[in-house]
Every structure is written in structure tokens, then in C-alpha cells.
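First, one chain by itself: the form predicted alone, in C-alpha cells.
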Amino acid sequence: MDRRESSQYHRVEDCTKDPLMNRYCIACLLAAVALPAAADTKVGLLLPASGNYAALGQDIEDGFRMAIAESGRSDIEIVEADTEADPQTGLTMARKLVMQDEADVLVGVVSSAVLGAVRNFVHQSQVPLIVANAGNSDATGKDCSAYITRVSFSNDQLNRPMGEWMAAQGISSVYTLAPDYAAGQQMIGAFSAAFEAAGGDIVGGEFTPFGKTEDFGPYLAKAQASGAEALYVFYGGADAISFVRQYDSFGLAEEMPLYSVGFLTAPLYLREQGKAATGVIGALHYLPSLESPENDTFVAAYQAEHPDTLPSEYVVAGYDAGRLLLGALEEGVEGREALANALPNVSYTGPRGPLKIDPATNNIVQNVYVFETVEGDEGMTHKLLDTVEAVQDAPNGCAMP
């Protein structure tokens, strides 16, 4: 038996001369048509693996790989690049992934400043970018691009509802603190505008050096001296752990309760913050304590690989970035342009609840959950206080081509 007779290696003329072979060839053709149009896809993970936000990058990567593994697909290759939290490094790594590694799609970006740095390169090189964290409001506002789709949050989207909610609770005056970079400025700006529009008063605030503030005591003293009714802050990464511990040690909780965009007491930090985080009220797009079949399944699957650890909002963002990519690929699209066009059309209900992309901005539309950080039977956790459904940003200058 030669190789031709023993395998699928048949010549074209066999299909036309031999009736039996003709039926065989037709069957092969029908089988080929029935197969999903799955092209090999190379994904460039643009995440920090070092520096202040390294833990966030690891959670996002864990979530993304979890989604790809669940799909069972073996035609997706992942290439990693460390952005640190530095805009220039992020831009260099984005260029490497696209020009050297020839990635079909980029996934990631933690820092708003890094997203601002890579925006023009992504747009001009026409490579789709799925933003899995950075909330830079301009990226889905005045600097929006058909090649940028965000599945995490915008800085406006999380802080605007919190400003409105706090005013509705009767809080009349607030002092603000945040790190001095793009995300800090946008988050405090969005909160302050909403809080004041609802009748509240911002009596003062300060931006602390990004990634360099070890002693928050002088800033907490200024907040105390302001006489404000409450303190509103944004901190993430190592700063979140340090700030909550120092706020607790300062003894300010009874006098000036702490509110924040919810990254401050995210699951990623609660273990190290411990009881110091008790009573902090925040707002986020995901809580591991959400009660839904989708979240129950997700938490169980995550804990099977990470025992005694709850998934953070960063894990969910990475997971949903993977789900979004898979949803587009399942439509049979191939190539960067087709992928960029398909991503905004994907919608589903996942761990965080209903999720869809606003075609006017390519920004996510989702619920925002207001919660209190409390001590539970199994350690520190989040108690849901309120849900603001289907929060959607205004175009804010976006003119999508």
C-alpha cells in the first residue's frame, strides 16, 4: 500500500475520473465547509510584570488565560511584554508586539498614562486593542478609535455614580486625595463634578506623588483640618494597601469616613489590609460576592486553580477580554481590521452581570456596584449596598469613524 492509497493524499484528477473518489472528494469538501473558520491568532499581552502594578497585571493575565483555556482552542498564541507602569516603556513594548512579534490583537494596559502613550500607535498601525483595565476616559472619549475597545471601565464611569450616590446619602462636603497622574486626575475630576452637580461641596484636595508616597500622614492631617464630612480617594496597587493601613492608624475613621472608587479595598489587597479596611465604602464594576449563576460558576472555577483566593476585578477584566476576543473569533473573522470591527458587537452576561459595548464610543456598558468593606465569617469581604444599572458614558467628544 503506497502513501496515496493509505491517506488523504489524493490528486485532483482522481476526483474527476473515479466515481468512488468523486463521492469521497465531495464528502471532504462538505466537511471542510462545516469546520469553523478559525484562523491562527497571535495575542500580544501588554501588561505590567514589574513595578507598582505588577500584581494587577498578573491577575489580568490569569483571567485572560482562564477564558482561553475554557474555550479549548489551541489556535491562539500568547506573547507577553512588560509595560511596567511607564508610558515610554509601554509604547516600546506595543511596537515590539506589533512590528516584531506580528501580534494580530493587543490585550491589556493597566495604567491610564500607558494607554494615553500607546493610543496613537494603535490607531495608526490599525491593530485592535482590547483594554482590560486602564480607565483613561479620553481613550473612549475625545481620543476614541475604532481599533480600541474597552472591556474594563472608564474613570468617569465608576466615579460619576459614586458622586451622585454620596450626595443622595446626605453627605454635604468632601476632601479628595489621589496619585498625581492621568487616572488620579480623571477619577477625582469625574467624582467632583458629579458630587457638586448633585449639591455637594468639595472643600479641598491634593494629588500625591505617583508611586513615591510612603508617608500619607501629612496629607491625612490636611484632610482632617479641612473640616470636610468625608474623605474620597483613589489609590491602587501597593499604594492602596499602604493608604488604608495609615488611614486606620491615623484614627480618622470616626471623624471622617473613607469613601473611594472601589479599587482601594479590592480583593487583591484585602488580605494584607485586614481589619483596617473595615467600613470603607466604594464602587466597582465587579464584586466576588455578587449572587448570580454566572458568578458562582466563575468563582468556583477560579478557586479550583487558586484555593482560598477570591477573583479580583482585574481577573474578571482579563477573563472578559478573553471572552470578547473569543466571541469575535467565533464569528469567523480573520485579520486585524475584521477583528476590530467584530469586537464591539459581542455581548453576554458574565460574572459581573450584563455586558455590552457602546458602538458610539467602544466603551463598556455595565452595572456599577456600591459596597461596604466588612468582616465576614471567612475574613474581609464586600457587602453590597446598591446597584446602579447599565452605566453608560456620554460620547465626551468621541466621533467614531
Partner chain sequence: MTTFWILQTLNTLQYAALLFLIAAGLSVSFGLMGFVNLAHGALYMLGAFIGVTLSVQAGFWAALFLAPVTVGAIGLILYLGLLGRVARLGPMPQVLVSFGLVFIATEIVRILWGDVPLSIDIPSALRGRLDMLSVSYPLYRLFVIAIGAVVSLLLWLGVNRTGLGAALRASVENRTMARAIGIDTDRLFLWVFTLGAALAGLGGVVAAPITSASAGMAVSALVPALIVTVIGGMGSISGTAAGALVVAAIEVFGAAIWPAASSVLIYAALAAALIWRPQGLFKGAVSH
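Keep in mind that what you see is a predicted model, and the values were worked out from it rather than measured. Positions refer to the first chain, counted from 1.
Omitted from view is the form predicted together with the partner chain, to which the following refers.
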Look at the candidate spot formed by 307, 310 and 386 and say whether the partner chain comes within 4.5 Å of a heavy atom in all three of them in the predicted bound form. no
Going by a heavy atom distance of 4.5 Å, is residue 248 a contact of the partner chain in the predicted bound form? yes
May I ask you to check whether residue 350 falls inside a 4.5 Å heavy atom distance of the partner chain in the predicted bound form? no
Is residue 113 a contact residue for the partner chain in the predicted bound form, using a 4.5 Å heavy atom cut-off? no
How about residue 148 - does it come within 4.5 Å of the partner chain in the predicted bound form, if we only consider non-hydrogen atoms? no
Residue within 4.5 Å of the partner chain in the predicted bound form by heavy atom, from 77, 206, 80, 201, is 206
Looking at 241, 194, 256, 326, which is the one with a non-hydrogen atom within 4.5 Å of the partner chain in the predicted bound form? 241
Since the chain is shown here on its own, which stretch among 366-374, 329-337, 342-350, 43-51 would lie within 4.5 Å of the partner chain in the predicted bound form, judged by heavy atoms? 43-51
At a 4.5 angstroms cut-off on non-hydrogen atoms, which residues of 121-149 are near the partner chain in the predicted bound form? List them in order. none
